[in-house]
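In structure tokens, the next block holds one chain alone, the form predicted on its own.
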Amino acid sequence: MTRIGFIGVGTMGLPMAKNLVKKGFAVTAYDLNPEAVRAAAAAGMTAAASAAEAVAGMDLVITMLPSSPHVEAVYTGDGGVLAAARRGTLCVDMSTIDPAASRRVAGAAAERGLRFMDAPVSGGTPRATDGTLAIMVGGAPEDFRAALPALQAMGANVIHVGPVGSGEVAKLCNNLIAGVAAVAVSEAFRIAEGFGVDLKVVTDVISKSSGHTWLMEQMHPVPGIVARAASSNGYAPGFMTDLMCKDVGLAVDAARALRIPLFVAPAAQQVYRLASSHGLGRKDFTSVFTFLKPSSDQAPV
């Protein structure tokens, strides 16, 4: 497969699509944001004026969108992917959405003679840029094999998890942990800061202790600790607070449907909700550190 229609060339989608171009794939790009489409064209992609135009005649369709409603609208709506793509086209949704939504789209695609997989990613903008994302795939084994060259152009670890929806399950579990970890790390470093301890020294101690996390190593929420972390770059996303709130919420909803009790994840979700309401929704989710600042000395507690 060499011709790819890519829908959603925003913060994550654009660097992912750029890596496809670098690997020799012919990419036609579409996004609701005209500026994003212009950026894609400047990177060597063909600009499309609609989702239908982006997917017509393509061998592979990739979507990278914010939420379940966006994905379902792009695939099943008027002028959407399922109506415009030719029979037999393989569609790969790389968004992070409700596993049930992935299965609904897969069912609608099958009725139209199209193939569908879910393949959400982890690693944020830095790894999307480097082409080193972790990609968790749900779909038929033969579809996985067909999409693998394109997926390997965007990710260093491409894992077939199981049938459609399985990739989303793995991603929700991952983001539940990452979302909770960002809050926990932020809380811990606010405590260390409050006692006046050097935060770089605390980082060094924890990096060699049981509290060490990948998030602290790669995406430290304290500015100036990790040079390429969002925190050291004005908390530019990265992965937005609103999206982390959405993903943790999806995990909470899934647990509720499965009748599994959760305690820490719902609390973290509310922290992200509050951070968003205080203007951090479009900042990187590690900006939760700035939200968790100490209260005034004049406060009663």
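A residue's number is simply how far along the shown sequence it sits, counting from 1. Quantities reported herein were computed from a predicted structural model and do not represent experimental measurements.
We do not show the form predicted in complex with a small molecule, though everything after this point is about it.
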Contact stretch among 179-187, 106-114, 70-78, 203-211 - heavy atom within 4.5 Å of the small molecule in the model of the complex: 70-78
Partner proximity in the model of the complex: Gly5 to the small molecule, non-hydrogen atom cutoff 4.5 Å: no
The small molecule contact at Lys246 in the model of the complex, heavy atom, 4.5 Å: yes
The small molecule contact in the model of the complex: Gly281, any heavy atom under 4.5 Å: no
Contact label in the model of the complex: Val288 to the small molecule, heavy atom within 4.5 Å: no
